[in-house]
Structures are given as C-alpha cells and as structure tokens.
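Here you get one chain, nothing else, as structure tokens; it is the form predicted on its own.
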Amino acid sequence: MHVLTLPLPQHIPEAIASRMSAPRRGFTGWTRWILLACFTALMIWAWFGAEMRPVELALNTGNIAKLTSDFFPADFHDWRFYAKEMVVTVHIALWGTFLAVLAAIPLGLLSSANLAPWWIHQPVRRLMDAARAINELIFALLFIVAVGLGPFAGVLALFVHTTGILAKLFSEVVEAIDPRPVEGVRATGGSHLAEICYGVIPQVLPLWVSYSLYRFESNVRSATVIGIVGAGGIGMVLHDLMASFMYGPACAVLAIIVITVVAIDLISAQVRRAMI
C-alpha cells in the first residue's frame, strides 16, 4: 500500500532554526553595572526612609531578653479553650480560602492575556491589584462594620484579599502554558470553553492546587492577626492576653499557633507532592 505523505512547509523549520540560533538576551557589559548602581542607590534611599537603626537594636538587647524571659514558662492551664479558638481560626482560613479559589478561577482566566482581549484582562487585573493592595486587616475592619464582630467578618476579609492574590498567580500560570494542546482543541472545532476545559485546565491544575494550599497556610496566620480587631478566633485571645501582660498564657497560645501551622504545612506538602 502506498501511503501519501505531504511535505511540510519549508518556512516552519527555518523559523524554528532561526529562533534556536538567535542569541539569548541578557544583561551584559555596562548594563549590569548600571543596574547594580541603581539598586544600591535605591537601598541607600530606603535605608533613611525606613529609619534603619541597627546600633540601637544592639544596645537594647537587654530589654528584648527581659521581655522574652517573661514568656517562659508557658502557661497551658486553659489549653482547651485556646485549642477551641485555634480551630475557629482554621475554620475562618478554610472558608476564606475556599471562596477565594472559587472566585479566582474565573477571574484568573479573565486576567490572562493569552485567553482574554486587553479590554477584558486589563480592567480585571486592575481590580485584582486593588484587592491585593488593601491588607486583610483593613478589610476586616470594613466588614466588621458591615456584618458585626465575629468570624464571618474574618472570612470575608480573607476572601477578598486572597482572591486578588490567587487570581494573579492563576493568570501567570495560564500565560505560561504550552499553546499546542489549546491549538489542538481549536483545530478539532472545539469552542472557547472547550479550549479552556481540555487545553488549559489540565496543564495548570497542579500549580493551582499548590498555590491554593500555600495561601491556605498563609491565611491561617493571617486569621490570627485579623482576630485582633474582633474578627474572631485565636487572635482575639492573644490580643487580650498581651494587653493584660499575661505573657505565660500568651506563650502557650503562640505555641499552639506554631504547632497548627506546622501540621498544616506537613499535610499540604504531601498533597502538593502528590499533585505535582
């Protein structure tokens, strides 16, 4: 049987060869020294703006040592109550992260320059910039006014801030995908939604899961901070103990926070290793 073979277009190998032989761009010569000088000048300028005083820190090590010594031994007398509030903090982080992931998936796709036209991805990116620019503590203060004190305000604060972060990360992963699977789906007559479902999502899903797990770990820590302003969880307990100079119980709370974050990190590391 004679198999008919079609010759490949000549311009494709030539284009690939020219791209491979093209010199890689980089910083060479005086450009490196100029960038180094600019970076040095920037750090010197920031030194004065940040009021860096390392000598004063060295002279006050005695005060720091005295404050640190007040934290020990840790007082775990009310550890059951602390553990209960820590669980509430994890609940806040869980729901804040879950809602953020649900919102970041479509927003991340809309923020991707290779999937959405500029008049869509640019406004969405700016909206996500605003969500990231405002700290979750500020969002917590705003939502406390809207829904009152308690964990729900913390969930909403983490949700908005984390959505801005994850949408940015998700879009960067989408923009770095291999375009060939998408082109394959398009060649078979698939719709734009089919291109995303079968050409984009399978490539980005492992990294999306990894980023989501990392943000959950970060949100557990953030939930302890927003609790200070009344958004529920262990943060409120820690703030009350520190304000009352009860450093022993405060040390116990900090230990519970550290143990919880370490446990979450170990579990999420196993999940990431299985996904990637």
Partner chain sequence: MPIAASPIQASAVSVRSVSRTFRSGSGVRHALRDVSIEIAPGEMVALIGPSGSGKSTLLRSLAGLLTTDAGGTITVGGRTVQADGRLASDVRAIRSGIGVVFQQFNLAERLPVVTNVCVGMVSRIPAWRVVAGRFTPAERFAALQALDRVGILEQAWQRSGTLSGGQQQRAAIARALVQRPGLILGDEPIASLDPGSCRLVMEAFARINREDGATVVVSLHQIDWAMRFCRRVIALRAGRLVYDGPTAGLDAATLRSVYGGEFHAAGGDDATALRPAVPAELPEPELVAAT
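None of these values were measured; they are calculated from a predicted model. Positions refer to the first chain, counted from 1.
Beyond what is shown, the protein has a form predicted in complex with the partner chain; the following relates to that form.
Considering the partner chain in the predicted complex, the lone stretch of 137-145, 168-176, 117-125, 194-202 in range is 194-202 [heavy atom distance within 4.5 Å]. Heavy atoms of L94 never reach within 4.5 Å of the partner chain in the predicted complex, leaving it off the interface. Among heavy atoms of A74, none comes within 4.5 Å of the partner chain in the predicted complex.
The shortest heavy atom separation between K84 and the partner chain in the predicted complex exceeds 4.5 Å.
At a distance threshold of 4.5 angstroms between non-hydrogen atoms, P106 is out of contact with the partner chain in the predicted complex. Note on contacts: among L110, V185, L99, V90, the single residue with a heavy atom within 4.5 Å of the partner chain in the predicted complex is V185.
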